[in-house]
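Heads up, the chain below is alone and in the form predicted alone; it's given as structure tokens.
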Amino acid sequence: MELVFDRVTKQYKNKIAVDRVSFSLKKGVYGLLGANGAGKTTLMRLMCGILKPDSGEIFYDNIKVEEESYRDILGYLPQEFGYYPEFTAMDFLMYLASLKGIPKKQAKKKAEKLLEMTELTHEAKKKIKTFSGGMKQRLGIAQSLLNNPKVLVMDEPTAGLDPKERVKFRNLISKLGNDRIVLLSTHIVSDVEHIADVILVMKEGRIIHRGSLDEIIKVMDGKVWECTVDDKTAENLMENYLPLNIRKEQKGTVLRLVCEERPVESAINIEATLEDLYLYYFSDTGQEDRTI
């Protein structure tokens, strides 16, 4: 089980959305992390065969993604999936199963199982227009799994969900990665941090970093500092360094900063987080482009 991107490029007029990207994915959960406009959605649409690359190839176990047989092993949850509001959850799944060519008897059993897995059994006969955002997203996962895909692609699946729904969603995705390739695209750092086996950091159309959480944040070793200073010193530090977090306390302003050397004598070097790395790469500070 392996999905391979081989020197893939996609360009829209004057913008290169995906720039000579090469990587491979095997069984597990992959988090695709990047700011808006980094090229994540284009990459995922290429992976699903919705878009064709201008150059390069994408294939799964030697099957090219544009081949019809690839559709049989693909599940896709776009950022906003279409549905018929008057349909019930069960009707919706049965309708999509028929489009996928799944026999009715088999489709009914599969739909019931997926509704149970996504905790929607009691809502099976309710119209989708009555669902909360979290319920719709769980239904979206259910539809993406109807054909028991070997490759599951999800674009911003937790956007707009409340914290409780996001935890449910993350737990569900973790289980799905046991026997398939799952690619989860998001700019919500905590979702990636909690569930991804491997993290891909994408910036300006390129994968600039790849690895486990520990490997990813290792590049920030020795660069994250915390200090408590007066207001004037805090202003000077924020002008000269990248501030990651600021909070006011009675004893002064507590700053979390990124810099190569100790910013002030009282600063303490602290362990970096994935959010620190995200801000380091994607902050709009006007600093020079950072790549690895």
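Throughout, we count residues from 1 along the sequence that is shown. As the structure is a computational prediction, the values presented were derived from the model and not from experiment.
Unshown form predicted together with a small molecule; subsequent notes refer to it.
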Residues 21, 24 and 55 all lining the small molecule in the model of the complex, heavy atom within 4.5 Å: no
Residue (of 227, 234, 259, 35) lying close to the small molecule in the model of the complex, criterion heavy atoms within 4.5 Å: 35
In the model of the complex, residue 272 touching the small molecule (heavy atom, 4.5 Å): no
4.5 Å heavy atom contact, residue 39 to the small molecule in the model of the complex: yes
Residue 277 within 4.5 Å of the small molecule in the model of the complex, heavy atoms: no
Proximity of residue 187 to the small molecule in the model of the complex, heavy atoms at 4.5 Å: yes
Residue stretch of 41-49, 262-270, 60-68, 239-247 approaching the small molecule in the model of the complex, non-hydrogen atom distance within 4.5 Å: 41-49
